[in-house]
Every structure is written in structure tokens, then in C-alpha cells.
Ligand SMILES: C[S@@+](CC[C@H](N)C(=O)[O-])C[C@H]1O[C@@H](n2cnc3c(N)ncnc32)[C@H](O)[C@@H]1O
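In C-alpha cells, one chain follows: the form predicted on its own.
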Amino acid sequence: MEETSNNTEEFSFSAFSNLPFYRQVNARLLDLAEVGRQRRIIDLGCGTGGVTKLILERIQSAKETVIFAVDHSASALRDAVSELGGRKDSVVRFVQSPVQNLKTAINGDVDAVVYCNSIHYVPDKKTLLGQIREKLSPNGILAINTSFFDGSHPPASEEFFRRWLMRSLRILKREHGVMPDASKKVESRQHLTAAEYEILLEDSGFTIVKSEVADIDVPESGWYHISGFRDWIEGVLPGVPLDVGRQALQKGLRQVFEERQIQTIPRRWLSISAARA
């Protein structure tokens, strides 16, 4: 689905996804799953190509490798093409398609599918996992990670989030004269636990190879940029105009970081490598 305005791009995930710490999180997933040894690899939900670039850095046989960079967003793929399309030592094929259409978007089997920090968006995860399994060759690898699961908030972060929200609400009311509208709250996505993700994968025909939950120190810049992401704004401040919500969240964030004299706040990332059974 192609965006029809710059508004979607302005409040996209791109700024966050380009941060060094986030690249390290995804690099860890690729290393965990040993992605790079395979010849046909799908980067599902590739966005502007950050993970695709990490895969390219790890491939062992450039001449024999094909990476399918798949995303629903035309604008994100244009950025990815601009960033990666000039490489001559390997082949990246850019495919515009919703992840739910994976079965028909790519012809033939692949050896690995990488799906970074997006599976929590999918309502029918089992159906998508079934499509991925059908697309994988025998013993093919699926690598997924997410920071939106039940257990992603370490206890050390709870006070930070409470203070951040209170500050942002005060700024909204005082400087913009608006407050969130609970009736416009986006329906909460179902957050699975790490164990439930493992069970889901096994029920979908996968064998867990490696699974880990890691505490990641997210710097202020990470929280700042996530505050400009549409989904984050709509989830925390429902009904508030996106530009106003972004301003309040980012200003409140900086106040809390300055008051507490901190550099990072932890968040947990779940990373799983699974093989087609």
C-alpha cells in the first residue's frame, strides 16, 4: 500500500531504526541465527533497508546470494533502493508487498527469513508463520525479534515511564490545551510472553534453535525518536494530533532525563532463531 501523503513518512519508524543501538540489536539477531550463510534470504518488513545492509555485511558468497527486501511501503523501498541499489557485489531484489502476502510475493523457496521488530503488529501470527514455513526450504531458518512482548519492561523502567507520561500530559494541557481522548484509544495488541512465542513457533511447525531475552540500554535518542513514531503517539496519547503529541512527549522526555541525570533506560528484546521442522 503506497502512502498518499508525507504525513505518514514524517511519523515513521525510520529515524529510530537508524540509531546505532538498534542496529546492534538487529545485528545480534542475525548472528544468533547465523544469517549470511544462506543463498536466498528474505528481509521481511525491510523498511528503509537497515537490516538488509546488515545481512549484506554477513553474506559469505555474494555472487550466489539473493536477498529479497520486502515491505508494503513504496516510500520506504525507494529509500532502501537509494541506499543499497548501487551495490554490484550482490543482488538485492526489492519487493513491495504486505507481509501477509508473502506466499505469492516471492517465487520459490528461500533458506532464511528475517523479521525484525514487527511480528507484534500481526493479528493472525499463526497464519503468517504458516506462510513463512511454506516458503522456507527444509531446515530453513526464521529469525525474529521484538521489543513489544509481555515482559519487555524491566522493573527499573516503570518509574521512568510514569514520570514521562505525567510530564507529557502537563505539557499537553498547559501549552496546547488538549488532553488524550480515551474513546479514541487504539485497540491494544496482544503481547505474548517469550514462552508463548516459542510455543506458537513450535505449533506452526518450527523447532527452536536459540531463544534469548536481553536487557538493552536504550539511550535518550532512542526514546526521543520513538516519540515521533505514529504508533507510539497514538498508543500513549490517543486522540491527540500527531505533531502536538510528538512535541509533548519529546519535551517531557528531556525534562525527565535531565531531572534524573540518566543516560539510558533499559528495555528487553526477545530474539528467536527457529528452523523449519
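Throughout, rigid core stands for the largest set of C-alpha atoms superposing within 1.5 Å between the two forms. Here the structure is a predicted model, which is why all the values come from computation and not from measurement. Note that residue numbering follows the sequence shown and begins at 1.
The form predicted together with the ligand exists for this protein as well; it is not shown, and the discussion that follows is about that form.
Q: Sort through Ser82, Thr193, Gln100, Gln190 and report the residue having a heavy atom within 4.5 Å of the ligand in the predicted complex.
A: When the ligand is considered in the predicted complex, the option within 4.5 Å is Gln100.
Q: Of 102 to 110, 170 to 178, 70 to 78, 152 to 160, which is the one stretch near the ligand in the predicted complex, taking non-hydrogen atoms within 4.5 angstroms as near?
A: Correct option: 70 to 78.
Q: Verify the contact flag for Gln38: yes if a non-hydrogen atom of it lies within 4.5 Å of a non-hydrogen atom of the ligand in the predicted complex, no if not.
A: Gln38 lies outside the contact set for the ligand.
Q: Could you confirm whether Val51 comes within 4.5 Å of the ligand in the predicted complex, counting heavy atoms only?
A: Although the ligand is absent here, Val51 would touch it in the predicted complex, with heavy atoms inside 4.5 Å.
Q: Cys116 versus the ligand, in the predicted complex: is there a non-hydrogen atom within 4.5 Å?
A: Although the ligand is absent here, Cys116 would touch it in the predicted complex, with heavy atoms inside 4.5 Å.
Q: Under a 4.5 Å heavy atom criterion, is Gly47 part of the interface with the ligand in the predicted complex?
A: Heavy-atom contact with the ligand at 4.5 Å: present for Gly47.
Q: Please state whether all three residues Ser17, Tyr121 and Phe229 have a non-hydrogen atom within 4.5 angstroms of the ligand in the predicted complex.
A: Result yes, every residue of the spot touches the ligand.
Q: So which bits of 196 to 224 sit within 4.5 Å of the ligand in the predicted complex, heavy atoms only?
A: Read in sequence order, no residue approaches the ligand (within 4.5 Å, in the predicted complex).
Q: Does Arg78 move its CA by 2 angstroms or more between the shown form and the other one when the core is aligned?
A: Arg78: C-alpha displaced by 2 Å or more between the shown form and the other one.
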